[in-house]
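Before any questions on binding or motion, here is one chain by itself as structure tokens, the form predicted on its own.
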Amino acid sequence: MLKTRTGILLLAPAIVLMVALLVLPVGYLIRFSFYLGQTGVQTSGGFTFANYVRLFGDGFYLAILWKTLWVSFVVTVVSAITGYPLAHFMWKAAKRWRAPFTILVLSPLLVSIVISSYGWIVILGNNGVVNQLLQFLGLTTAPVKLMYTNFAIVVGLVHIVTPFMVLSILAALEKIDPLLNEAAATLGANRFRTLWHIILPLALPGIGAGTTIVFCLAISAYVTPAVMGGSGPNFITTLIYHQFVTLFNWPFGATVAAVLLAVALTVVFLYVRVLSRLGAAAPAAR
């Protein structure tokens, strides 16, 4: 009983901050989604589901929601594919190289997201480095539209979120005993079989944590889609901004935000359940 009370007292400050800074503001925002109104906080009408009917009954909004989910999924997969080899390399590298590579991995986070996004415009624009190189090599005769596309959003987001993927996987790899490689080689396993049957299953918690973090960051990103995705609502977050700031339709903006929160929580919950089952099945398979 004493330990329970001590634990509650230790958690009390964090719980109070969580409720004050997250639960209450989000709850207050969700409350707006059940009102009608067009003038900011000035609402009219009582409790209604009209905003949700409008959202799910309009193909334009559903297309933006689907695009956001699809782009976030692609960003997560690309980050995992590029992040694991880098994390594995850092795990195997000599200790004197660990610090320089860590700084290199963290470098996207040391620069403002706005600056990074505009930097990609210099690279992917019609007169950017990529198009100039393609035309110099004779592969194209006119600029290829790379900016203000889904491709540009994916590139910009992968650049920003990959450090979270790498560090999560690296933390899991650090817990693996290096002698497992030698033991597997002694038993006749080559490098591929060692990686597939031993290293990857043991690194699964880090991969799961990294993909979860990356997906949440991608689906809630605003700056990169706003700068690299073109004008107008092209992502769920830019749609929310457009409703709040441009149209001053707070109830509908709150509705879109509530749906985004519900979708993100649902996807993460289902993903974590799948990972937990895979983690429980992995030891039995081995």
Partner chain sequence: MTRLFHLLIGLLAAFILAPIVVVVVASFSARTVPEFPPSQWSFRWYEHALNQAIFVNSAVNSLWLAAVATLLATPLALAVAYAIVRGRFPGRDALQTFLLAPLIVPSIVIGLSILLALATLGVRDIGLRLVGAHVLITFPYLVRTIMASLVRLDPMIEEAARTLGAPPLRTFLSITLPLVRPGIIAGMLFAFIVSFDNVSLSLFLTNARTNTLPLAILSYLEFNFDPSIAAISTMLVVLSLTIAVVLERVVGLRKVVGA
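Numbering follows the first chain given and starts at 1. In this text the structure is predicted, and so the values were computed from the model without any measurement.
From this point on, the text means the form predicted in complex with its partner chain, which you will not see here.
*Asks:* Considering only heavy atoms, tell me if F34 and its partner chain come within 4.5 Å of each other in the predicted complex.
*Replies:* No.
*Asks:* Tell me, yes or no, whether I64 is in contact with its partner chain in the predicted complex, where a contact means a heavy atom of each within 4.5 Å.
*Replies:* Although its partner chain is absent here, I64 would stay clear of it in the predicted complex, with no heavy atoms inside 4.5 Å.
*Asks:* Is L278 close enough to its partner chain in the predicted complex to count, meaning some heavy atom within 4.5 Å?
*Replies:* Flag for L278 set to no.
*Asks:* Although the partner isn't part of this model, could you tell me whether I153 comes within 4.5 Å of its partner chain in the predicted complex, counting any heavy atom of the residue?
*Replies:* Contact check for I153: no, nothing within 4.5 Å of its partner chain in the predicted complex.
*Asks:* Mind checking whether each of L21, T162 and L265 has a heavy atom within 4.5 Å of its partner chain in the predicted complex?
*Replies:* All three within 4.5 Å in the predicted complex.
*Asks:* Select from the listed residues L146, I207, V71, L167 the one whose heavy atoms reach within 4.5 Å of its partner chain in the predicted complex.
*Replies:* None of the others qualify; the residue that does is L167.
*Asks:* So its partner chain isn't shown here. In the predicted complex, which residue out of I198, A171, A183, V77 has a non-hydrogen atom within 4.5 Å of it?
*Replies:* Only one option qualifies, and that one is A171.
*Asks:* Scan 122-138 and note down the residues that get a heavy atom within 4.5 Å of its partner chain in the predicted complex; none is a fine answer too.
*Replies:* Contacts from 122-138: V122, I123, V129, Q132.
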